[in-house]
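For reference, the chain that follows is the form predicted on its own, supplied as structure tokens.
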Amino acid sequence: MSIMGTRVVRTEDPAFLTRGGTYTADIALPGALHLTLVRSPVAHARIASVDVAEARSAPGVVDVVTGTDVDLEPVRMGPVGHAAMVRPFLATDRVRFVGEPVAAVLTEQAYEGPDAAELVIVDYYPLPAVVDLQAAARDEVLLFDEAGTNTVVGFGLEKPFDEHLFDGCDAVVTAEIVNQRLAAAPLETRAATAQWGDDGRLTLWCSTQNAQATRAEVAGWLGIETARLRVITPDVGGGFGAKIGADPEFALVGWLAQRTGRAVRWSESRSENMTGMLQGRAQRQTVTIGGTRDGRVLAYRLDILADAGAYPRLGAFLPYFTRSMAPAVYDIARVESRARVVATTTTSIGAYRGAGRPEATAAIERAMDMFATEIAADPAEVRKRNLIPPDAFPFRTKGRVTYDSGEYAKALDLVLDAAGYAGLRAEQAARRERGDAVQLGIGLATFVEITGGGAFAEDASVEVHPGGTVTVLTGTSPHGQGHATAWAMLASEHLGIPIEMITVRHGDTDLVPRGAGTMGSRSLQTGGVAVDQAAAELVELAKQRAADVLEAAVGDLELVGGAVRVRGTDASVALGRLAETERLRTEATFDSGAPTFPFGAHLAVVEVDVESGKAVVNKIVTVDDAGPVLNPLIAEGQRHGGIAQGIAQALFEEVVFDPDGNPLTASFADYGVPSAAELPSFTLLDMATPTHLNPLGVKGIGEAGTIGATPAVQNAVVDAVAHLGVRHIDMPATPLRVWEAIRAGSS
């Protein structure tokens, strides 16, 4: 019986549920110093002076370092941006966001650091903050004088929009949509521990999604050969994209360890995390959609103004993906888009679960609903009228990407049927007729996303040891995804060895020097396929070795229960026995050469109290098609987490700055992370459309829930009060926003 597709309980969980994980902050090194960072309390200012004299004499202080002490060059953090837009490891002449590190305090004990840090006196000369994106684009206040502009990069700005794009349309709708800034808020905040060895090598333990990329970045920043740096990722308590690469603090910890000759540990507080860690989304979108009265969409335009934060990082590139995925699941004849990314005096933007793709889906799914309202048509029927048909794949879109496979109409029909769509509309009509205080809203989202984009290749090795145990080495780097279970399942399928005897190792650059990490829902379709390939090749290698031992032809051999056997006989030799005489190991690299495109449909049912504006999600029914499922338990967990984060963006979460750049949501007391009490049970429907791009036919599942749930819930909230004259409500649809929209619609 095959283990593939079965509900195998995660092998990782017993340790997490009993002794707990081993995280970076748990790495105990004798004599290690503790780093506390002095952070800017103002968003934009010149630094007149930094006085550390009193701090140096505080109890337990070993050293206090300012930006002028650090002999590392400021670094360009992202793939795009002006050469002047670089970040120092500690600010010297200027700070550009609240929370920017200005000084480093090293103490013998962790508790001594915050007290000593308060004694560092920094004289700031305030400069105007720029938080609003449109104000930033006007360049009236510059973050980087040498750049001469706040514009980090533009996509599609080379030529003006086509003034004839909407010719022939019976109805055209335009709206401005805010895809708000979000905090990743992982359970584990950022952390790093560094120690230099007698051999001149630096070992860096850190919380990251990609040990190999972190090694390359940190080594480059420190000016050392990568061979002199070993990066180890212990257990990682969540990342959601914000831990894809290295943070400057990682290199600073290594530099301080070299300066002091002692190991250095750093772990940030929650408030530091909420102001210093990469944040996500932060786009202001103008959508225009036009078509015929019978529901055919003829043209779509997406104009994006995106926030990079103070120092451009990966987030500045993400609008490229938003543009690529702009047409979504629809076959629209004319599509155009452009994006401008600007720097602001706020926390830098990075990848956050979905990373550019949710923004594209949110835009067009709101546009489809607004278009349906304009032509007085059912939003489900309008979507069906425009979906790409299944016989059109592979399909080259107007976003210049090629979708591999899809059955979009089938996914939509599944959620409509399972939710009882006709009955929901009837109940909605009845409530409206009665004038109930609590109205019903039904929201849809049909989506496609890109997974594995830009990181198509991954390495793996599989080795059987004497005694029959197995070690799998992988370049993927899990932070909750269940790779130890999933990769063991793949190896077990080929080797016939129980998963309890299979150990999966990752996240140590000495052990696994090559790897692309875990992000972009890439792991199974790259790293998993590489493990599958390596295990299959090991079987063939074992048969060749066993042929000599069993004095049989390779073609007469089969592998059963962890042993190579001559077909039709009892003659066999265990894999562990073969490993006793010669190492039994294979390596594989799988390169798909292209991304895959999972898809799905979500239907959300909400109730909105029109007197208070409070919206409650009663039901959400989803199809998240990522091809064949290796382990349904793990896949469902990914879907649950994604849907929860999608609902959170629609209703609760938003990073807010005041006009002076002060963060107003710097703790969980102010930032609306929902609990299970605010979420409904999820109805997960199964559907599997394989891809031709890898032997397993699999696509990514990690971000799908986030992409579909957000616009479905937002659409549902608007739908609940549409009869009151409301046409749009920006996210998060808080009670105040909904209440104000109702009052504005009825006035």
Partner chain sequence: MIPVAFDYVRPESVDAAVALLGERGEDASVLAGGHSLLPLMKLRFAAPELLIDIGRLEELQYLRLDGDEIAIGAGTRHTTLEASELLDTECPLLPAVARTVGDPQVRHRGTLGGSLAHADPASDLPAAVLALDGTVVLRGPRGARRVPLTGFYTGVFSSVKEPDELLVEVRVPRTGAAGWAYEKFTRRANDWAIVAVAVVDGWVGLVNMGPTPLRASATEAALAGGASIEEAAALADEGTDPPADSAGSTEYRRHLARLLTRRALTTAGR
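Positions refer to the first chain, counted from 1. Here the structure is a predicted model, which means the values were calculated and not measured.
Omitted from view is the form predicted in complex with its partner chain, to which the following refers.
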{"item": "Listed range touching its partner chain, judged in the predicted complex by heavy atoms within 4.5 Å, from 581-589, 341-349, 133-141, 668-676", "value": "668-676"}
{"item": "Interface membership of L651, its partner chain in the predicted complex, 4.5 Å heavy atom rule", "value": "yes"}
{"item": "Its partner chain contact at Y111 in the predicted complex, heavy atom, 4.5 Å", "value": "yes"}
{"item": "Close approach of L736 to its partner chain in the predicted complex, 4.5 Å, heavy atom", "value": "yes"}
{"item": "Partner proximity in the predicted complex: D609 to its partner chain, non-hydrogen atom cutoff 4.5 Å", "value": "yes"}
{"item": "In the predicted complex, the residue from T471, N662, Q258, S271 that sits within 4.5 Å of its partner chain by heavy atoms", "value": "S271"}
{"item": "Position in contact with its partner chain when the complex is considered in the predicted complex, options D115, D556, E176, D417, heavy atoms within 4.5 Å", "value": "D115"}
